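This document starts with one chain, in the form predicted alone, laid out as structure tokens.
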Amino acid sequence: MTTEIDRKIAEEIQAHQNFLIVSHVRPDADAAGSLLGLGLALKQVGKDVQMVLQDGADKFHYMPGVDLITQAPVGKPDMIIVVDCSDPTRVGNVLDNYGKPDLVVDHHKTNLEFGRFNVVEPEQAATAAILFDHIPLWGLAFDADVAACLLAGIVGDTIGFRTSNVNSEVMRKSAKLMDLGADLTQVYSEELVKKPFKAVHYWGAGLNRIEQENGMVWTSLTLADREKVGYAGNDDADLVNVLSSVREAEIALIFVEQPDNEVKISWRAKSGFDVSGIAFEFGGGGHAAAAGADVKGTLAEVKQRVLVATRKLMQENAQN
């Protein structure tokens, strides 16, 4: 059903030629897939589109159009679109010389609605799933490449349809994307199964210091770990998803040391727990089952503070 906001967005898209689409630092499949899916759909109708991720998108080599992604924008676009971001700080500094985004499309429940238009649907399993609904309403269309990117976003954010927000609607959307030409087997394999040797080597350091306590499982990765194995990313190489597979883990956490005295934290939670609130307390955001934050401080300091807050959530859940 076309809403008034969809009609206005469609009019804006039709009226403008130059578009800038950005997403968050340390992009995941939903960030890259949503950015590419919308960007390629705009290019299909003859629009000029810059697709920007501050940290690049090398690990998403399997997504159509990934070579079009740059790490910094140029010029003055007519319309700025932010996808899969709950707040403007998450895009890094790529929009520092630009004003308020024209459109924000996101599914994080902690979204600050910082655009002129905000299409924020926390009940959706992925931002790519939101775009599946709205792309046709904005006068755009799907082809096999757009479908492949959106399917990658859904597969990535649901960890292969394993998160608690997966329902029959998500599966129907995925099936329709397959009908449009997306290859689920390839997307699933590239996003969730295949890992570079250096990434798996990097996991070894984290798995070696894994800890468990009353339904919590956590570990950490240091800058030294990353340097030792030559891992080029600044993330956890999806190790948090391995931790969340531990049978005893009701909440899994990973702490990833960053340069400049900062630590990236990721939470994964089983059904019945909401870790988005903790992430928001620490300046981040996310969903009930998956959230993250970047916190200033040493690895030891941040770990202590975050574990205290997470233990408190565990205790509160036990009392309810």
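Numbers for residues come from their place in the sequence shown, where the first is 1. Note that this is a predicted model, so its numbers are computed, not measured.
The form predicted in complex with guanosine-5'-monophosphate (5GP) exists for this protein as well; it is not shown, and the discussion that follows is about that form.
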*Can you pick the one in L253, A57, L42, A291 that has a heavy atom within 4.5 Å of guanosine-5'-monophosphate (5GP) in the predicted complex?*
A291
*Partner proximity in the predicted complex: H108 to guanosine-5'-monophosphate (5GP), non-hydrogen atom cutoff 4.5 Å*: yes
*asked:* With the partner left out here, check for me: in the predicted complex, does some heavy atom of R226 sit within 4.5 Å of guanosine-5'-monophosphate (5GP)?
replied: no
*Taking 4.5 angstroms as the cut-off for heavy atoms, does H24 touch guanosine-5'-monophosphate (5GP) in the predicted complex?*
yes
_Is D87 part of the interface with guanosine-5'-monophosphate (5GP) in the predicted complex - any heavy atom within 4.5 Å?_
yes
_Answer range among 114-122, 160-168, 134-142, 87-95 for contact with guanosine-5'-monophosphate (5GP), defined in the predicted complex as heavy atoms within 4.5 Å_ = 87-95
*asked:* Using a 4.5 Å heavy atom cutoff, which residues in 229-246 contact guanosine-5'-monophosphate (5GP) in the predicted complex? It's fine if the answer is none.
replied: none
